[in-house]
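Before any questions on how it binds or moves, here is one chain, the form predicted alone, in structure tokens.
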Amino acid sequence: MTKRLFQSPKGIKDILPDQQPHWQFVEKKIHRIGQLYGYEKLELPVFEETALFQRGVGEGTDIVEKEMYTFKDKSGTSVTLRPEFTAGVVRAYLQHGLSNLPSPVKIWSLGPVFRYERPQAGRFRQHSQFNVEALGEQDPALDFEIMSIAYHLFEDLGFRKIHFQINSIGCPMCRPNYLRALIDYYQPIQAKICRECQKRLKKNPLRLLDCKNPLCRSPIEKAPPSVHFLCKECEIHFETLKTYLDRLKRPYTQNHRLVRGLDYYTKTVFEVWVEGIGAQNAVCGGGRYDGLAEALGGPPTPGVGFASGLERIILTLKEQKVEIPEPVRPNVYFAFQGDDAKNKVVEFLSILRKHNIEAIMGFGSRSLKSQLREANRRNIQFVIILGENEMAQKKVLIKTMEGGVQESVSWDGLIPFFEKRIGSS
């Protein structure tokens, strides 16, 4: 019987060792940006009750209808691999009484999310997401802070031509008037829009503006803007936010077509666009969700946040040719001859690593020549050779690979030798 070689499932990618420097670079920036703005990390479970996303994200959304990985566990409970973070963050906020903390409660999360959708540039069926949330305040200055975190992160990463797309989709007081106007606009032309939008017209009219089908492009351009239907509170909120953006000279475009695909959004919605990934140029999306806590059974709790996929961030880093730091690699390689030398190398490795000197050894019973070839392929700076003569003299032979200079050093002088040349923390 021929054995089948397994492959990763479609739309799921392995992150190989040579790809890790980009990931580590981005994750380090994320941790730092959280500290700068006073946000604390929250770890969430990778799956939740399905009902959490049905109620929080919305029954009529593409995520709930088409994209969730849902199954029953052994108790018969329907659970879903998380397709997004925000519903879980608000669930944790309500469950653990985080409302008792000083307001706003500022949280960030990082981890995998799962959506069964067509794989595309920078987006996979399992992808990693950076998520930021602030709960407990309606202040538009908090909207601006959330947007500033995204801007600051992408600026620190070295992205070019960063700008916001912004809109306001109103609140439960004023949005019904807008939805009626949107339905009235689309009903006479519904035969001219795609089939998916014909369904959206009945179930989720706001999503009509989010359609990517070329057939729907012209109707979307001519659709009534949501900002023409804002109540006074939403209008003041949106204008105040734009004032902050203007004061800090943050570039933005008011985009009346911009909506979010999840039902819990209110008032502010935004995306961050950068140069370098063609038509898929949004690297971040978010907004305000003042009704989500109530939808999940909690008290009224305003909230605002954003999410950004790490794969899209890394794709942009590469397309914009942003230079990232070289990964830390071992400086020292031990090559040996004989079992006694090998035993001593194991001891030396432990000593060097305790002094924070990156070091590795050859394994198996390969020849000295073979070990030196390995050190050369690994681009090692120093090779320590330990053979019978060195064992007898209680010395090592240290070869600097660039230039080929060799020095004989006593065992006691090994650490001072490297502290002088490569340092030690």
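Residue numbers run from 1 along the displayed sequence. Bear in mind the structure is a predicted one, so any value in this text is a computation, not a measurement.
Another form, the form predicted in complex with a small molecule, is not on view; read the next lines as being about it.
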* Structure fact -> the small molecule in the predicted bound form has a heavy atom of only one listed residue within 4.5 Å, and of R207, H237, R91, R115 that residue is R115
* Structure fact -> Answer key, the small molecule contact in the predicted bound form at 4.5 Å (heavy atoms) among E319, E196, D139, E84: the residue is E84
* To do: Mind telling me which stretch in 186-194, 165-173, 241-249, 299-307 gets its heavy atoms within 4.5 Å of the small molecule in the predicted bound form?
  => 299-307
* G286, heavy atom within 4.5 angstroms of the small molecule in the predicted bound form -> yes
* Asked: Is F348 close to the small molecule in the predicted bound form, meaning a heavy atom pair under 4.5 Å apart or at it?
  -> no
* To do: Consider F124 of the chain shown here, and say whether it contacts the small molecule in the predicted bound form, taking contact as heavy atoms within 4.5 Å.
  => yes
* Contact label in the predicted bound form: Q337 to the small molecule, heavy atom within 4.5 Å -> no
